[in-house]
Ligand code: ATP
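In the block that follows, a single chain appears as C-alpha cells, in the form predicted alone.
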C-alpha cells in the first residue's frame, strides 16, 4: 500500500482518502514519502481541535483561523508552495454543502501545483459529488517486520536474555492483526505481568488479542473444546477436512497446491453444521473468527455498514491463516436482491463487496459458511469456484444415530453398557443430532426429578414424545434434498442413505 501511495503522490493525485485507525504510523509514512519525492514539499496536519499545523511542530503553532473545515481548505487553496495537507476525521463535515464545495474547488485549483489533500479517517465516507475525484486506500495493519521492531523495543526492556528465532516468531504471530499501538501495549502487559517475554507469554498476548477482536462487536474469537471425532457420522466431510489439515503450510505451497478458499455446508437444522465449522479450527490448528453479519449492518451513518464489513475482513486477513465462520449465511444475504426498496441498497452493496472479496482475496482466509434454506441464497453465491466444495448434511442414518447416541451418553456417563444404542437409534428415526441430544437431556431431567438414574425407557419415552423437525417441515426437507442431490456433495459416507427420500 505504501508503494501505491507513493505512486499517487508522484502522479500528483489531488485528493486521496486514507482509511486507517493508525494516525501516527500513517502520518510518518506520508512524511517519509514527501521527503523522498521532493525536498521542498511540506506536510501539514489539520484537526478540528487545533486547525492546520506543520507536521512535527507543537500544536500551539496553528495557522491563523484554520479550525473550521471551510477555512482550512480555503487556506490550503491560497498556498502557493507545494505541500501535502492531511485532514484528520473530516468525514463528519464532508457532507456539509460548504465543505463539499470547497473540496471540489480545491481539486480543480490543484492542477499543476503539486498540492495534495489526504483525508485520513477510520470511517470511509465519500459524498457522491467527490466519487470521481477521490482515490480510496486502506492503510494495512503492521506486518511481521513492523511488529518485530515493536517487539525488539520491548525485549530490550526485559532481562530474560536472548530470544530464539522460534520464540520470537510465536510472539510476533500472536500479535498479528493488532495495530502497532495495540501490539506495544500487549507486549508491555505480558512483560509487566510475567517480568519477561518468552514462549510462555504467548497465551497472555493471545488472550488480550481476543478481547481486542471482540471489542468491535462484529468479529468474535471462538474457542471450541470439542474435536471433530465428537461429531457422529459425516465421514465424507470429515475425510475432506482431514485431507486439507495441512493446506496452509509451506510444504503445501512447495508441492504446488493452491490455498483452499472455503466451503459451504447446507443441510437440515440441528445436524452438526455449526459444530463442524468450530471443530475444524482444532483439526487445522487455526484461529476461528465468527463474522456476525447482523452486526455489520448499521443504519446510523451512510457507508457505516460497508466500513464495518471492510474492517472485519481486513482484520481476518491480517491474522491469517485463519478460518472465517459465517453461520446461517442464508439469513444474512436473504434480502440482498431487493434491498433497494427496504434499506437503500445497503444489503446489495454488502453482498457485492463480500462476493468480490471472496473472488479476489489472496490471503489464506478459509470461509466456512452454513445455511439451512438454499432457496434464499442468491445464485451468484453458489456458482462454481466461489467455494472449494458444497456439502449437504442430511438427517443421520441408522449407524450415524447410533454414533450420536454413544457420543452424548459418553459425555454424561462413564459406563453406557446398560444402554442399547441400536434400539435407541431405531426409535429415533428421522431425528437430527440436536434432537437426539435434547431427548437424552429430557430423559435425565425426568429421572432427576424422581431422584433416580435415567434409563433406556426414559430416553425412549422422551423420543416418542418429541415431534422432530423432519415431520413438522417435511416439504422443506424434501425440497432441500431434491436441490442437493445434483448440486452438492453428500457429507455422509452412504450415498444410498443420502439419496433416500422417505424417513
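Computed from a predicted model, the values in this text were never measured in an experiment. Residue numbers count along the first chain shown, from 1.
We do not show the form predicted in complex with the ligand, though everything after this point is about it.
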message = So if I measure heavy atom distances to the ligand in the predicted complex, which of the stretches 45 to 53, 473 to 481, 65 to 73, 432 to 440 falls within 4.5 Å?
response = 432 to 440
request  = Would you please decide whether residue 386 lies within 4.5 angstroms of the ligand in the predicted complex, comparing each non-hydrogen atom pair?
outcome  = no
task = Decide whether residue 146 counts as a contact residue for the ligand in the predicted complex under a heavy atom distance cut-off of 4.5 Å.
result = no
query = So in the predicted complex, does any heavy atom of residue 152 sit within 4.5 Å of the ligand?
reply = no
query = Do residue 408 and the ligand share at least one heavy atom pair within 4.5 Å in the predicted complex?
reply = yes
ask   = Just one of 287, 364, 83, 270 has a heavy atom within 4.5 Å of the ligand in the predicted complex. Which one?
value = 270
query = Among 274, 318, 158, 311, which has any heavy atom within 4.5 Å of the ligand in the predicted complex?
reply = 274
message = Let me test this: is every residue among 20, 103 and 122 within 4.5 Å of the ligand in the predicted complex, going by heavy atom positions?
response = no
ask   = For the stretch 349 to 372, which residues lie within 4.5 Å of the ligand in the predicted complex by non-hydrogen atom distance?
value = 372
